[in-house]
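Quick heads-up: it's one chain on its own, the form predicted on its own, in structure tokens.
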């Protein structure tokens, strides 16, 4: 290395280096060797430079998350003022609800944890909905439910922003490049989720169906017949009794067009226990998370209970099906996590007709005429009457 530096200085001082190209080449070589020595002899210097660049990049993306958060917050406030017409400024209350939390039950002793979780979630949901109702005194019941979903979106993006900010400031405070590197690697996905939240806030502020509404949409289309009976079987959940392909079909879904998923597990459990004979099968229809490269709106079928969330509703359907030996079939419509919470795309909406055909085919192939079947459309029923 010493010989290399000596040659560079010699060439730089020699008369043959008078040419412009030679001088430029020598200067570049000198700078390169100097940088190599700095990074080789002082590796922490290079790490500090890399950390500084990563923190600046994170700061830009964090500011973008903040702007999205503020936009969603303002959308929630404006929608509450427009729909609920409160005689006070709802901004402080919206900010308070953005910090609302639910503590899950202790799982060290798993016995009975499903019903403990259900109890806590139900209290949280009712409390949250009642708080939103106070902010929108003239809003109708279904509008209150949609507004509740909108404020929950503001709460979700607020939590996301706070967590990212925490790791950014912690990494900056401790100069921990590995901590900063981890959050930087997942930032593109987090920004994408934040953009989905922003589009979801638009959908709920306007009462538009979202991708997750596809299961409810299929159920609504399935029950779009004459001479049907309709009644409530659980909170925010109804059943429609009808004849289809000479089979008796009970269609369970959330009550729209407000934004709610209802209580499909409790509804199916109550319905099955009230029937004079066991159903020949229980069919659940829901949106499912697709893998990258897969087509949105693709319909796949299988067995089991197609319900996401904390698992309470899924547990109840599985439990009653096991007790009465009822087969479980499921249809899933593929979509991305962004498509699930944003306005429903045409490719997903068209999948409803495909599912209807598959349900009819399943009934005729596996259930004899006169048999009883329960079909549950799962999802948020915002915009679906």
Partner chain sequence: MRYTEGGFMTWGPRPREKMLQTITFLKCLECGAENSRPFMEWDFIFKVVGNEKCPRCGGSRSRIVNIYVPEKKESK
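These numbers come from a predicted model, not from an experiment. Residue numbers count along the first chain shown, from 1.
Another form, the form predicted in complex with the partner chain, is not on view; read the next lines as being about it.
If you check the partner chain in the predicted complex, you find no heavy atom from any of 116, 270 and 280 within 4.5 Å. The contact with the partner chain in the predicted complex, taken as any heavy atom within 4.5 Å, belongs to 202 out of 169, 102, 202, 275. Between the options 206, 246, 227, 174, the residue in contact with the partner chain in the predicted complex by a heavy atom within 4.5 angstroms is 206.
Per the 4.5 Å heavy atom criterion, the partner chain in the predicted complex is contacted by stretch 142-150, the sole one of 142-150, 129-137, 300-308, 92-100. Mapping the unseen interface onto this chain, residue 217 counts among the residues with a heavy atom inside 4.5 Å of the partner chain in the predicted complex. In the predicted complex, the partner chain lies farther than 4.5 Å from every heavy atom of residue 154. The partner chain in the predicted complex comes within 4.5 Å of no heavy atom belonging to residue 328. Taking the partner from elsewhere, residue 221 is found to have a heavy atom lying within 4.5 Å of the partner chain in the predicted complex.
Using a 4.5 Å cut-off on any heavy atom, the residues of 332-347 that reach the partner chain in the predicted complex are, in sequence order, 343, 344, 345, 346, 347.
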